[in-house]
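Next up: a single chain in structure tokens, the form predicted on its own.
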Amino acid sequence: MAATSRHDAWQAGDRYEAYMGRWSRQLAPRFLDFLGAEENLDWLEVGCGTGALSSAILARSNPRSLVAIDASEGFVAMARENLPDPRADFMVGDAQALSVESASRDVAASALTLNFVPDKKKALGEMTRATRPGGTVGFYVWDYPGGGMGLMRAFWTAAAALDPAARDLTEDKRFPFCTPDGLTALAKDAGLTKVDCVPVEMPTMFRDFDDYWHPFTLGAGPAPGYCVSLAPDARQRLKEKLSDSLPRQADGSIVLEARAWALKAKTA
């Protein structure tokens, strides 16, 4: 496994939920507002994770059906358990080879997944294939190159100050295409038209430092995976470095900004 991906552990749904799922759940409604899809449509979700976007689709978009796919058995099991909605079908699958009939969906969406797919163009091509002519394909990813995920940027800045090798694991180096130009180019290469890419922003608020730090000790995701790989003394130094560097509100809470790039387009 490549050094830049060896910490991508995505099986434990509850651990992912503590680290990133809670923020994805806040971002999902904002994405759906941008997508502007009508009700009573057939949806496909690629990379459903623990069900953050799935839950928002079912609650806000009133779909006729939702097929939600993820490569992680653990994530799919958690999403299925938490969302026992007869309109939703959760399954394990590969974003690069979707087990979905061609032109069978009205909307294909993906949340915080595309950057982890080895062949991104193929994944978007599969989403396009599954969507009916004139349908909508949309997705969002964090603005890694622009430092848009403040909680990650703070972690890796502190980690790299103590361990220069950590710099090669940062999301901005691993996912340089997560920019409006890069994402628009991917969409157009997949044959999509009427491409629109906008920023979606929100604050990430932590009650205190422990609320910020604890998810990094659970191992779900690149930064937490790196954190738990450290020897105890090195992990303690990182914890102290972060504690000293993070901004605090008067009540001890920590507020960091988050920004994602959201894209929507039409199939030909």
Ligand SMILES: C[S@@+](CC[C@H](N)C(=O)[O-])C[C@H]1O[C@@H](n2cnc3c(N)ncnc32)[C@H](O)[C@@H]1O
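Please read these numbers as outputs of a predicted model, since none were measured by experiment. Start at 1 with the first residue shown and count on from there.
The discussion below concerns the form predicted together with the ligand, not included here.
Worksheet item: For the chain seen here without its partner, which of 68-76, 168-176, 189-197, 99-107 has a heavy atom within 4.5 Å of the ligand in the predicted bound form?
Response: Residues of 68-76 come within 4.5 Å of the partner.
Fill in: Listed residue (215, 63, 225, 47) with a non-hydrogen atom within 4.5 angstroms of the ligand in the predicted bound form
Checked against the cut-off, the match is 47.
Item to complete: Heavy atom within 4.5 Å of the ligand in the predicted bound form: which of 111, 137, 149, 159 fits that? Just give me the one.
Response: Of 111, 137, 149, 159, the residue with a heavy atom within 4.5 Å of the ligand in the predicted bound form is 111.
Worksheet item: Quick one: is residue 83 in contact with the ligand in the predicted bound form, heavy atoms, 4.5 Å cut-off?
Response: Close contact is absent here: in the predicted bound form, residue 83 is far from the ligand, nothing within 4.5 Å, heavy atoms only.
Discussion item. Does any part of residue 94 reach within 4.5 Å of the ligand in the predicted bound form? Heavy atoms only, please.
Written reply: Output for residue 94 is yes: heavy atoms within 4.5 Å of the ligand.
Worksheet item: Any chance residue 52 has a heavy atom within 4.5 Å of the ligand in the predicted bound form?
Response: So residue 52 counts as contacting the ligand.
Worksheet item: Does the 4.5 Å heavy atom contact test between residue 117 and the ligand in the predicted bound form come out positive?
Response: Answer yes; at least one heavy atom of residue 117 falls within 4.5 Å of the ligand in the predicted bound form.
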